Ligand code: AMP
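Shown below, as structure tokens, is a lone chain in the form predicted alone; questions about how it binds or moves come after it.
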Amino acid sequence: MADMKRHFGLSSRMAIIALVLCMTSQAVGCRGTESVGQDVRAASTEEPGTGTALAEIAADERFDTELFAMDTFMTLSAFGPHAQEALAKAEEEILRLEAILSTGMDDSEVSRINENGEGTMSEVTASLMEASIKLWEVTGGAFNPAILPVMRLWGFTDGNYHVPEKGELDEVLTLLDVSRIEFDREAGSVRFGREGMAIDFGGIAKGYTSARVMDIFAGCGVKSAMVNLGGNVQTYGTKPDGKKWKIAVQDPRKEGNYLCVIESAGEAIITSGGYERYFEEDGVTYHHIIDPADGYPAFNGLVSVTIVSSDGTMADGLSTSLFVMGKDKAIEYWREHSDEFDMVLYTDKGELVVSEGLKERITSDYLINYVGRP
């Protein structure tokens, strides 16, 4: 039987990005979901409603919340008078988006569309469909929102792991043609041109979610915040002391070690790697990042890809896309789009390849090979 390796949280190999906060303010809890069960306490240790007005909370006072959503463990931190309000609204939004987008929930909007082969999309789903099709086009198919049938075939959706025969793959690959998706952005309608097609926004949803959380922080007047949605990190502003956040990217081959530390303010830092989710069968390891071109896990010489961008949605999609492309094509793609993002590539030969846009704000014990624009 296949041996599946799957973990969540910063203590595991799936904790792609660790957070180096370098903060001196005392952390105080903010209620997450009932399963988390944390008490809400202000800096004075008084319970809410016992006299501690939000206006009296120091600008650098930190509040945190934790929850499990979108199949991963999430932590959110915010500072200042409006932090508690912002975190409560952010958690509500995360759960709302999960209920819309999850393919693991039979009654989600995406699941109903997949079941019917067509449907009318909400603004959230239509926005992700539009972004996904654009990424499919610009990455030459490396990003594919119609990948779900292949993921199901391999068993990555339900745990029934299975190395498919070539004939099985060839049949399912016919369902990955995104050009067969009839999508009307204005009407918000979608229809699949082939029976059995199905969409999955798993490669882009957490990045979109972190961007939505940033909008909530802005609307609540938060000046400093950070979220980690299962390794998808996004920062809002600087730390309360005005310094940039320091985000450490985990070494996928040495648990507890870091490939590098990146300084960030107002950016998403998102990593994808084959070590995130995988299973072993007959001594061979198969990871979950599938190359849509042939339906097999992508083995193109990369162990992990980190994308740094102000656009969390794009960063999420590109972290997977560049992994599928492999080193040379990833570098070529970055050179064509260097004004949109920066990247850190870690190869199976232990090489750390970094785009020159990060040169002044990255540190590493590894020898860095910087790549520049043409």
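Heads up: residue numbers just count along the shown sequence, starting at 1. These figures come from a predicted structure and were not determined experimentally.
Not pictured, yet referred to below: the form predicted in complex with the ligand.
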Assert contact residue (the ligand, in the predicted bound form, non-hydrogen atom within 4.5 Å, options 303, 190, 124, 290) equals 290
The one option of 243, 277, 152, 112 with any heavy atom within 4.5 Å of the ligand in the predicted bound form is 277
Contact at 342, 344 and 357 by the ligand in the predicted bound form, all three, heavy atom at most 4.5 Å:
no
Of 218-226, 81-89, 290-298, 113-121, which is the one stretch near the ligand in the predicted bound form, taking non-hydrogen atoms within 4.5 angstroms as near?
290-298
Even though the ligand is not shown here, does residue 237 get within 4.5 Å of it in the predicted bound form, heavy atoms only?
no
Taking the shortest heavy atom distance, is residue 252 within 4.5 Å of the ligand in the predicted bound form?
no
According to a 4.5 angstroms non-hydrogen atom cut-off, is residue 208 in contact with the ligand in the predicted bound form?
no
Does the ligand get within 4.5 angstroms of any non-hydrogen atom of residue 147 in the predicted bound form?
yes
Quick one: name the residues from 170-202 with any non-hydrogen atom within 4.5 angstroms of the ligand in the predicted bound form.
200, 202
